[in-house]
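A lone chain, given as C-alpha cells: the form predicted alone.
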C-alpha cells in the first residue's frame, strides 16, 4: 500500500512562490494527473515528492512517514522524464537492468525482473537493440521499464509523452493506462494536455499559479468546474462564458447575453438558487458547446442567431453563433449548418448551464 500526502506544502524560488499551501492526499493504486499551464507549479510539486526539490514549509508523507528530509534515493520512488535519458552505449536489456545492478542483485534475479517488465511493456523483441535503433515510443517504453523494474512504491511521470508525435502520443496514452491497470501502482503524472489528463486520470489535480484549483474525477472537473479558470481550461473547445442579465417578467425567467432584449428561458427555480446574485448583474453564464442547442426552424425558447464561423471536425462541427455582442460556440452534427451567415435558432440547455461570480470567479453551484 502506497499513500502519498502533502500537507501545507510551500515552495519559493527566490522571491517567487511557486507552490502555495498545497494540501493533497493520493490513495494507494490511484492514478493522479497534475494538470495546468506552464509555470503553474505542477512539475515542481512532482519533483518535491521525488526529492529532487526541497520544500520551504509543510510535510510530504509516504505511507504516513514524513520524507521531506530524505534524499530521493531513500524514498523508493521512480521517475520518468520527458527526455528518454537512455544510455546510448547500452542495449535495451542493459538499460532496464542498470538500476538493479546498482543494488548488486543476483544475475539470475535481474534477468527474471528485466524479462518480466519487458513482457509487460511488450518490448521483449527489442532487448538486444541499442536506443539509436528504436522509435520514440519504444524508447519511452524502455525508460518506463527502467523505472518499473525495481518495483518502486510510486511512479512519477513528468510529461513522458510530450516529445512524441500525435499518433504515438495516442498509442502511449493507451499503453500507460494499460500498464497502470495491470501493475496497480500509485502513479502521479504531470501534463499540460487536458486530453491526456481526461483519458488517464482517476482524479485530476488542476493547478494555477501555484494554487490548487480543483481536485476531482475527469467527469467532475468537466461537468462541475469550481471556478472560471477550471471552466475555461478543461474542455475543447473551452466553455462559453458570457456576461449575463437575468430578468423576471410575466412570471418567466430569461437569461440574456450580449446585451440582447430577449433572453433564453430558464426555470423559475433559478432565481431562488442564485440567492440574490441575479439582481447584481455580477454573474457570468457558462455553457459548453454541447449545451448550446441549435435548430434550423423556429421553436419555443429558441432565439434567432447568425452562424459566423463553422469549424468542421469530422464527426461534428463547432459553430460560432452571434448572440447580440457575444459569440457562443455550439457543437452540431457534421454539415448541419450549410454555411456562414445562415440564420438559425439557438437556446441554452438549463441543465448544462453554469453561473459564476464575476468578481471572485467562483462557481455559484447552481444546478437545474
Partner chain sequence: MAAVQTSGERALNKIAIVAVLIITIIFLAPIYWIVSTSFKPRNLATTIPPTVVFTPEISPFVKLMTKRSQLREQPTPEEYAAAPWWERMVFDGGEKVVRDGRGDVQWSAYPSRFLNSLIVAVTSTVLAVGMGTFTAYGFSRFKVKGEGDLLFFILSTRMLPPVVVAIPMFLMYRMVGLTDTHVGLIILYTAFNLSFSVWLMKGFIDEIPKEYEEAALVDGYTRMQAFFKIVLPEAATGIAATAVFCFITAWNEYAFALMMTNRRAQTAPPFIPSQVGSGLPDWTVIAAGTFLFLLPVAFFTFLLRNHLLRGMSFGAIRK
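Positions refer to the first chain, counted from 1. Keep in mind that what you see is a predicted model, and the values were worked out from it rather than measured.
Keep in mind the form predicted together with its partner chain is missing from the figure; the text below concerns it.
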For this session: Spell out, yes or no, whether the shortest heavy atom distance between residue 250 and its partner chain in the predicted complex is within 4.5 Å.
Result: no
Exercise. Taking heavy atoms only, is residue 329 within 4.5 angstroms of its partner chain in the predicted complex?
Worked result: no
Exercise. Just to confirm, residue 88 within 4.5 Å of its partner chain in the predicted complex by heavy atoms?
Worked result: yes
Exercise. Taking 4.5 angstroms as the cut-off for heavy atoms, does residue 119 touch its partner chain in the predicted complex?
Worked result: no
Exercise. If contact means any heavy atom within 4.5 Å, which of 291-299, 96-104, 202-210, 261-269 contacts its partner chain in the predicted complex?
Worked result: 96-104
Seminar exercise, completed: From 284, 215, 172, 78: within 4.5 Å of its partner chain in the predicted complex by heavy atoms is 78
Seminar exercise, completed: Checked 135, 183, 245, 83 for heavy atoms within 4.5 Å of its partner chain in the predicted complex; positive is 83
For this session: Can you tell me which bits of 121-147 touch its partner chain in the predicted complex, meaning any heavy atom within 4.5 Å?
Result: 146
